[in-house]
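Below you'll find only one chain, the form predicted alone, shown as C-alpha cells.
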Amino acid sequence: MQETKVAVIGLGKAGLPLAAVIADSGFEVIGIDLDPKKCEKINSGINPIPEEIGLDELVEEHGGKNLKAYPDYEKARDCQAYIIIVPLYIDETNNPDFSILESACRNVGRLIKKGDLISVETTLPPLTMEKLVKKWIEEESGMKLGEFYLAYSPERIMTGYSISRLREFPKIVGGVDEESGKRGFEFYKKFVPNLNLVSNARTAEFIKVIEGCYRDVNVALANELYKIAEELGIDFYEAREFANHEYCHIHLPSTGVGGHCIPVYPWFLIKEMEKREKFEHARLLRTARELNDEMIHYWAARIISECLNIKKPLSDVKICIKGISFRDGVKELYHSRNLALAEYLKAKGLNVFVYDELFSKEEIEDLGFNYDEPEKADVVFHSYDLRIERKD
C-alpha cells in the first residue's frame, strides 16, 4: 500500500474512474461525493456508472476496502493529497459558473495541513488556478502557497473509455509555482504511465481548453462542408474518404456539438477576450460555436421537407427522433443537440416523439416527449448517423 493517502473530491463520470485507478495502483483512496446513495453503492462494491468499461471490476475489487466513499469532507482530513474533479458549467450568458468548484476548494482548504498537495482536474479557463483557486484555499487554510502545494492536471478522458484513457493517454501537470509542479509530477507518475510536466498551471489550463476548441472548429468546418456538398449534389462521405490523408483530416458532420466539454471550453477563451476587449482574437471560436448550435435548424428544415412529401396534413405526420443523448452510447443530455432538435420541432407544433435505447419510456415522458417505436413513425431521423428515413 502506498504511504500517501489520497482524497478524490467528486465521484462522477470522471472522478470515480480516476479514484478506482488510483486505488488499483495501491493507494488508500477516500472519495468524497455529496450523493450518499452513490457512496453506499461504491462501498458495497457496486459500480454506479455501469456504462464505463472496466469500472465494474475495479469498484468490485476496491470498493469499501482501499476505496471508500463518503458524503462528508471530514472523512478526508488525514489525507496528504487532494484531487478536485467537480463540474464547471456555463450560465445562460456563457460565462463560467465557479460555484461548485469554489465550494469544493474551500472545503478542502479547511482540511489541509502543511506540506499537503492539492491538484485540480476540472477543466478551467486559463488563470483560474492562480487567481481564484489559490485565493480560496489560502483563505480557508490560513496558509500561503509554499506551505501547501497547488497543481493542475486536467482530466483527458472520454466517457465510456475512461479507464483505458487514464492508463494509456498522455496526461499533463503544471504547478501554480515551480515546486508545486514538481510535487504534482512526482505524485501523478506513481499511477499515470504517460505523464508530462509543463511549465505552469496556466499553460496546462490552456492546453486542455484548446483541445476542445480544435474539435469544435473542425466539426463546424465539417458541418459547413456537408451543407455545401448537399447543395451541389455531392456525396460528402465519399469526398471525405479521399480528401483525408496525412495532411488533412475532415471531421464528421453532426447535429451540432454536445456534452460537458467541447461546446463549453471555447467560451472560456471567447469570454476572456471579450473582457479584455480583444473581440477579434476569438472571432473564429465564436463563429464555430454559432455554426454548430445552428445545425438543428438545418436538420429541422430537412426533416420537414421529407414530411411534406407524405400525403397527410403536416401536423399529422409522425416524426421520430431516434437518439437524444449527445453521443451514441452515452446516457448524457447536457447540451445535447439531438434533444434540442426534438424540442425545436415540438415547439413548431409538429407531431414529434422520441426513441432512445438508453432511456426508458418513463424517462422520455419525464422529458416532456411522447415515446414510441421508430417503426410507427412516418419519418425517422437517425440522429447519430444523420439519416432521414421516410415511410410512404
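What you see is a predicted model, and the numbers here were worked out from it, not measured in a lab. Don't overthink the numbering: it's just position in the shown sequence, from 1.
Omitted here: the form predicted together with a small molecule. The next part is about that form.
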**Asked** Every residue in V86, I100 and E155 with a non-hydrogen atom within 4.5 Å of the small molecule in the predicted bound form?
**Response** yes
**Prompt:** T123 near the small molecule in the predicted bound form, any heavy atom under 4.5 Å?
**Reply:** yes
**Asked** So in the predicted bound form, does any heavy atom of E61 sit within 4.5 Å of the small molecule?
**Response** no
**Prompt:** So, in the predicted bound form, is E363 in contact with the small molecule at a 4.5 angstroms heavy atom limit?
**Reply:** no
**Message:** So in the predicted bound form, is the small molecule close enough to I22 to count as touching (4.5 Å, heavy atoms)?
**Reply:** no
**Fill in**
Of L166, V217, C261, I172, the only residue with a heavy atom within 4.5 Å of the small molecule in the predicted bound form is C261
**Prompt:** Among S254, N200, T159, S141, which has at least one heavy atom within 4.5 Å of the small molecule in the predicted bound form?
**Reply:** T159
**Item:** Heavy atom contact within 4.5 Å of the small molecule in the predicted bound form, the stretch among 53-61, 333-341, 363-371, 34-42
**Value:** 34-42
